[in-house]
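So this first bit is one chain, no partners, the form predicted alone, shown in structure tokens.
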């Protein structure tokens, strides 16, 4: 594996990246306060209103122009969404922007225009590129779609669904005939959905499988970035709690066992952040080995962030179980995001293939 990183563009400066973080955090602080996050997450109207505000700030265009914002900026924004427990439909938007950026189809361009104006919200299903054998498959026959996909994020509020197929992508309205959608409650909030198609009319665009695999890997990194943000926020809550909570007459932050566990959490958070940033930067710089960097980041970040989530949950004690508190939301987000698309086991298998070659 080569560690060289040829630069293909100047990219975004650290100052601009800091401004982006401040802007996104400020928007979410104003529109997605922790005390209302549970209520708003269940409201499609609240999600749609937030999405229009995000579109006004240009966030709905992330991925459409690598010269303005690359994967590193995408991961940064997802990190902020994780901190705020915010289910904004950015994953589908990023995928649509990356896939359709070079498309000349009038229908694709019209959809992107609606997306960038905040009028469209896209749910993403990776299909054959998901990595989870339970994610389902679809078959495109002429202009109709049949099959089933599972673990679709944000489908309940979406206006469109984007599905990766073996020959390209299929796009259709969420109220298209022949479509049945069912929420599947679990760790994720709002819940994922299972979507069944029976001769559902859809727009099909031919896209090379290598491009689809590239976009799918970017989506995996984005979800890991969101898990990082959730774990960071939970860690901050645990540290603040350790400074004020007393047990046996002294602050629990003065107990060596608590100190060591929180120190290990900080190390894991920093390590996860560095590996994810390195993988995203490698892609932005055109490094041909960026997929290996990405697999390494996912293989490391998965176990590291889950360990942080568990330790901060323990440090918070009973608070970590109180649904009125924001801590349980971060716990769910970390675990929901890190098991998606095959999780760390898939990443380790990809690394093994890169190092040793595929199993014969």
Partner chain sequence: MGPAANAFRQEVRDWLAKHWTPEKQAAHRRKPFKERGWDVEFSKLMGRDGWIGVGWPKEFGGQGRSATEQIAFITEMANSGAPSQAHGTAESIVAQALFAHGTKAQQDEWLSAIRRGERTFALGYSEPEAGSDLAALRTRATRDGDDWIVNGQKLWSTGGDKAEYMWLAVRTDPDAKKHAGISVLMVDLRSPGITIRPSLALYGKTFSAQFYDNVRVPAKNMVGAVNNGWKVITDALAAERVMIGGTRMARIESAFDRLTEYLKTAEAGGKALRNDPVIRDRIGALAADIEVARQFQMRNSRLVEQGKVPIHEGAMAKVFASELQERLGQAALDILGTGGLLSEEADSAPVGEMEQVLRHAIMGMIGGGTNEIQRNVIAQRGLDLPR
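Positions refer to the first chain, counted from 1. Because the structure is predicted, anything quoted here is derived from the model rather than measured.
Just so it is clear, the following notes concern the form predicted together with the partner chain, a form of the same protein that is not shown.
- Screening 205-213, 153-161, 256-264, 90-98 for residues having heavy atoms within 4.5 Å of the partner chain in the predicted complex returns a single hit, 256-264.
- Contact check for residue 41: no non-hydrogen atom falls within 4.5 Å of the partner chain in the predicted complex.
- With a 4.5 Å cutoff on heavy atoms, residue 47 does not count as touching the partner chain in the predicted complex; it lies far away.
- Not displayed here, the partner chain is approached by residue 296 to within 4.5 Å at the level of heavy atoms in the predicted complex.
- The partner chain is not shown here, but in the predicted complex it comes within 4.5 Å of a heavy atom of residue 251.
- In terms of contact with the partner chain in the predicted complex, the residue from 178, 147, 271, 286 that brings a heavy atom within 4.5 Å is 271.
- With the partner omitted from this view, the residue of 290, 172, 129, 235 that lies near the partner chain in the predicted complex is 235 [heavy atom within 4.5 Å].
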